[in-house]
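Take a look at this single chain, the form predicted alone, given in structure tokens.
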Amino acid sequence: MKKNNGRLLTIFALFVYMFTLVPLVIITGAAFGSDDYLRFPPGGFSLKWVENIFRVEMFVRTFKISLEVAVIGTMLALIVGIPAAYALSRYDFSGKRFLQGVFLSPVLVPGIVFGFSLLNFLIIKYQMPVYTSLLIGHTVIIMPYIIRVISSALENFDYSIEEAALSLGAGKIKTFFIIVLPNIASGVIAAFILAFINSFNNVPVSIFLTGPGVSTLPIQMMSYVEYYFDPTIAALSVILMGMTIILMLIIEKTLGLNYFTK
């Protein structure tokens, strides 16, 4: 009976892996095809669609915007998220659970609902510029990743070291920067990378907060496939997958993915 269950589990796992990986294999094959339309298996090998990415001006322009928004938004989220995670992990106070719920709410609320709410609040009601609204929206949606990862890093931190520094006359701010922050540096790096990936690839919120002259790469990719059926998008998708894999490998080497299961 146990052997049969083991075989069924193995077969099920293989189906799951196939369901996940086969589309990626098809996209990769189509990206390096010589045909003028999406086709798998491709009729030949060519790099022309990779080269075409850099010829499409809107991809280059929106890539810069996405990169800028992801980096600045992640830095802003770290500035707010690190002290917030420290306070939530270090102290017990009234309203702590409420604050935790507030910081994690962007993940719990559907992205379309959250994006539409930001559109009404930031752009329609307060007439904020599109770029500023986009930056605020991305900062808010990646905040839960910052809080979660930094809080996990602080769970492994021995606060007696901090107390020893305080007892020796160091101020609270100085102690935080010279004792606490260096000890959670790997967590901060992992939080930055995870938040950056989620910001760069975001669609549900970005689609409501973009406008004339300001758009992100994922939104432009969606617009491109409405009018063109060539493998350029497949080639761009492969490049983005490669970037994500590299960043995840950096996280694994820096912190270890099993860290997030704690």
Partner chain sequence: MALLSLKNITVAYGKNIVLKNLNLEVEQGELISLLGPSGCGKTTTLRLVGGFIQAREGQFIFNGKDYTNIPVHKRNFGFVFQSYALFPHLTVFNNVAFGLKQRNVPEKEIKKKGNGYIRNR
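Numbering follows the first chain given and starts at 1. Bear in mind that the values here come from a model prediction, so they are computed numbers and not experimental data.
Below, we turn to the form predicted together with the partner chain, even though it does not appear here.
Shown alone here, residue 167 lies within 4.5 Å of the partner chain in the model of the complex, counting heavy atoms only. Residue 163 belongs to the set of residues with a heavy atom inside 4.5 Å of the partner chain in the model of the complex. Interface membership of residue 179, defined by any non-hydrogen atom within 4.5 Å of the partner chain in the model of the complex, is confirmed. With a 4.5 Å cutoff on heavy atoms, residue 174 counts as touching the partner chain in the model of the complex. Residue 183 is the only one of 117, 183, 105, 132 with a heavy atom lying within 4.5 Å of the partner chain in the model of the complex. Picking from 70-78, 109-117, 132-140, 153-161 the stretch near the partner chain in the model of the complex, with a 4.5 Å limit on heavy atoms, gives 153-161. Although the partner chain is not shown here, in the model of the complex the stretch 189-210 places no heavy atom of any residue within 4.5 Å of it.
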